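Let's start with one chain on its own, the form predicted alone, as structure tokens.
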């Protein structure tokens, strides 16, 4: 019999009425003859409330106890879903990560799944049951509860789909699918029907919040088709799949925006071999991710300006690291938090010339200045002043006919 894995996010199970609706959705799959495995997040807001409690109890709350605490929300939502399914005539029970078990490493709060023992799940499916499995959690070799970090429930669902050899994995959320851009930035954003793993991975890493990039990467590595749908309205959603399954590639599939960038420019750096490494090594050691990098050499060949971007949350730490870095000499340093990165993404640009020109020309016509550029095979990103972000998104959305 065909197995399908259904994952429901926090907003989908956020109230009792929504849990009843979720149970009806699960019931429709069961009635169609599927063996249904459900993965649930905690009810929206519940995990954040637990985190606040840990902060009030202790400034440095013990990591292993933190994971035990924040994993509690999934237990509640899973029990409520199973209880509702039993009420409407189905055979169902909740299952925590330790009961299956789902084995992970011991990197608390950001653990990686190492293996899943599927025997209990398969046995329950054979009995006609619907297991409701807690997402976001597992256990380590010492049988301590671990959690999987942001997007952990998606990660749980995709890995379970892999181990159970499910025919599909459906992610139910509060949006109708993956959009061409953020609807809050541009109201004419449209739903994407089909998107490749690679495009979705770029969009996730560049600001799209529908799925975390690590979950998309797991789906890609295991070649699991993932559908993203709304639990509130009936729609076909967005299918995330391999490139060869997509018949009609648009030049550009979507536009992503980040609003948490900061630009740092070191002016008048004494140029010598290894100077760039001297700048970026302390950042690497301190786990600060550097994104865009631009280096300009002066006419005399002795001085250079180095510009790069980081996440704004790392700005204070970066300022201190530059200040106390005795291996580099420079005239001054400039910090700018009023910047945003806008990216166009699409596998169609691989075989379509002139995409870069069209992007730059369209922005130029709207007097939007480009501060930095980075590219990959299927992506072009530019850094611009944050005040221009809405205008830039609207301009590029129209230029590449995404309206």
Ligand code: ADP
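Just so you know, these numbers come straight off a predicted model, no measurement behind them. Positions refer to the first chain, counted from 1.
One more form of this protein, predicted in complex with adenosine-5'-diphosphate (ADP), exists but is not displayed; see below.
The stretch among 302-310, 138-146, 165-173, 262-270 whose residues place heavy atoms within 4.5 Å of adenosine-5'-diphosphate (ADP) in the predicted bound form is 165-173. In the predicted bound form, residue 237 stays away from adenosine-5'-diphosphate (ADP), with no heavy atom inside 4.5 Å. Contact annotation: residue 208 falls within 4.5 Å of adenosine-5'-diphosphate (ADP) in the predicted bound form, judged by heavy atom distances.
Although the partner is absent here, residue 11 lies within 4.5 Å of adenosine-5'-diphosphate (ADP) in the predicted bound form, judged by heavy atoms. In the predicted bound form, at least one heavy atom of residue 203 sits within 4.5 Å of adenosine-5'-diphosphate (ADP). In terms of contact with adenosine-5'-diphosphate (ADP) in the predicted bound form, the residue from 106, 225, 291, 182 that brings a heavy atom within 4.5 Å is 182.
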